[in-house]
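Shown next as structure tokens: one chain only, the form predicted on its own.
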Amino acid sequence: MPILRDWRLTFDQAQFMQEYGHTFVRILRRPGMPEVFDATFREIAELAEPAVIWESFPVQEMRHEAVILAGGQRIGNGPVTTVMGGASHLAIGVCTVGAAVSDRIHEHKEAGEVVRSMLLDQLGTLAVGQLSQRFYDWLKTDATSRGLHISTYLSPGESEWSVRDQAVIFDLLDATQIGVSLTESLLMKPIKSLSLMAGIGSQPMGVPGTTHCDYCTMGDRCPFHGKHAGI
């Protein structure tokens, strides 16, 4: 089961402020806040430990909204077969930026450093989003090099694909190898983690020109809405 750790995430403060700074405009006017921002950007760069565990699973058949894998495991509902119909394999992965980020967010909150906790929380979310996009780009490059096509990717819980399939993904992948586990309420721990799935096959899949954002139910609540995942 491949584990990929050689990821270089970028944390560009100027770009972040251009895209998300409106949230912090008033805060930054307070004495000492620019220094807090500088320190928090250094912190995310030091704490993030990006890792991905993934595997490619042969598809046996597609039945209604679900995909039946060669081993008999059933996965998917909602838009999954619309997006990945015709795939011969499913690439399934779990991405994380590690526990240290989540731990530090909690430490800042407990210490009453609300702004620093809030900023680091948003940076952690953007970091795992950036990692998932880079992993998908890596999958796409690999598929293209082999003359194959790849669908857009989906994550359970972000679209009409039920979060219940997190349990299926964690049955298929031993994510504890990268320090990620699944709680009884189907939340990943550490929280700055994300699972995803994409179809790979010999023919184009899904609706041309669409991305995972087109199937997302988060809308304006998503920090990546209408933007790329870079920071």
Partner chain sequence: MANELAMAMADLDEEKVQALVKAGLAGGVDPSALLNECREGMTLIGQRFETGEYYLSDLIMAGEIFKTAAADLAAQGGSSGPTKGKVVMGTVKGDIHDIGKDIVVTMLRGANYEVTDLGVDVPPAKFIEAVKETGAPVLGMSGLLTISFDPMKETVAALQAAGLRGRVKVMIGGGPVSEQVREYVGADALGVDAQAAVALAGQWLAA
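None of the values given here were measured: they were computed from a predicted structure. Residue numbers count along the first chain shown, from 1.
The same protein also exists as the form predicted together with the partner chain; that form is not shown, yet it is the one meant from here on.
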So the partner chain isn't shown here. In the predicted bound form, which residue out of I68, V163, A45, V36 has a non-hydrogen atom within 4.5 Å of it?
V163
Answer key, the partner chain contact in the predicted bound form at 4.5 Å (heavy atoms) among I75, V115, A143, A100: the residue is V115
Answer among 116-124, 145-153, 81-89, 129-137 for heavy atoms within 4.5 Å of the partner chain in the predicted bound form: the stretch 116-124
Taking any heavy atom pair closer than or equal to 4.5 Å as contact, tell me whether F16 reaches the partner chain in the predicted bound form.
no
Answer for K189 alone: is it within 4.5 Å of the partner chain in the predicted bound form, judged on heavy atom distances?
yes
In the predicted bound form, is there a heavy atom of the partner chain that lies within 4.5 Å of any heavy atom of H64, even though the partner is absent here?
no
Report yes if any heavy atom of T23 sits within 4.5 Å of a heavy atom of the partner chain in the predicted bound form; otherwise report no.
yes
Out of 3-18, which residues reach within 4.5 Å of the partner chain in the predicted bound form, heavy atoms considered?
none
